[in-house]
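As structure tokens, one chain now follows by itself in the form predicted alone.
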């Protein structure tokens, strides 16, 4: 599932390529459904000009000149691809948006094998409600260690589960949560109630460091090759994982434990993370 670094990479590239573009056509595959409905989706995008492209957590948010917002959530297998020709469809293509800028035409494609992703056209009010569902951005300057500690203390759960709660911190997913907890030397099953300011301060720094590494390496592409950037190229951060998918701890060489916490695959070192 694409996480913050992958979505950040997609958004950064789309900003360079598509801001100020005008939408000239929208094509939706018959079996795919958009929000608030295919007819309204197409009508709302007709001749729209893209003003700004950004991100809310793992959501791609594209503001158009009418005040509406085109949003994509990639879920497990979603892809956003940018093509210069629409002659050959991409695998699992669900919709295509043709855009023109400086007399050059591009084709923005949303592809999704399992169709768990979402393509939506939101009103300004709906876009505001979307933002309010999420906590502060994990790589922004929107949260302090004090605020993070306060949010964690309100949750009676373990830290691994808390990090995946998008209402606490937006954008952290399973891969990067594993590596951030290893870097911070925190056991993933540690209860949030026992956290101190010092431990939270360390964890927040480690989360941001791991996510920024992921952004630097243009995201992570796992063996299923589900994630690629808008040009169809894989990320490279999978070559820099700290503990995720490892057999032995890279620091002490202890055998890594793999378990499931709240249904999510979790890797940790029983020696370094106590």
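Numbering follows the first chain given and starts at 1. Quick caveat, the model's predicted, so the values are computed rather than measured.
We do not show the form predicted together with the DNA, though everything after this point is about it.
Q: Answer yes or no: in the predicted bound form, does the DNA come within 4.5 Å of a heavy atom in every one of 77, 157 and 258?
A: Every residue of the spot touches the DNA in the predicted bound form.
Q: Could you work out which of 71, 161, 93, 190 is the residue within 4.5 angstroms of the DNA in the predicted bound form, going by heavy atoms?
A: Result of the distance check: 161.
Q: Going by heavy atom distances of 4.5 angstroms or less, which of 113, 145, 100, 129 would be at the interface with the DNA in the predicted bound form?
A: When the DNA is considered in the predicted bound form, the option within 4.5 Å is 113.
Q: Can you check 180 to 188, 148 to 156, 83 to 91, 120 to 128 and let me know which stretch has heavy atoms within 4.5 Å of the DNA in the predicted bound form?
A: Only one stretch passes the 4.5 Å heavy-atom test: 148 to 156.
Q: Is residue 64 near the DNA? Define near as a heavy atom within 4.5 Å, in the predicted bound form.
A: Residue 64: no contact with the DNA in the predicted bound form.
Q: Does at least one non-hydrogen atom of residue 209 fall within 4.5 angstroms of the DNA in the predicted bound form?
A: Residue-level check for residue 209: no, no contact with the DNA.
Q: Taking the DNA as it sits in the predicted bound form, is residue 264 near enough to touch it, meaning that at least one heavy atom pair lies within 4.5 angstroms?
A: Contact check for residue 264: yes, within 4.5 Å of the DNA in the predicted bound form.
Q: Report whether the minimum heavy atom distance between residue 246 and the DNA in the predicted bound form is within 4.5 Å.
A: Residue 246 lies outside the contact set for the DNA.
Q: Using a 4.5 Å cut-off on heavy atoms, which residues of 220 to 245 contact the DNA in the predicted bound form?
A: Heavy-atom contacts to the DNA in the predicted bound form: 222, 224, 226, 244.
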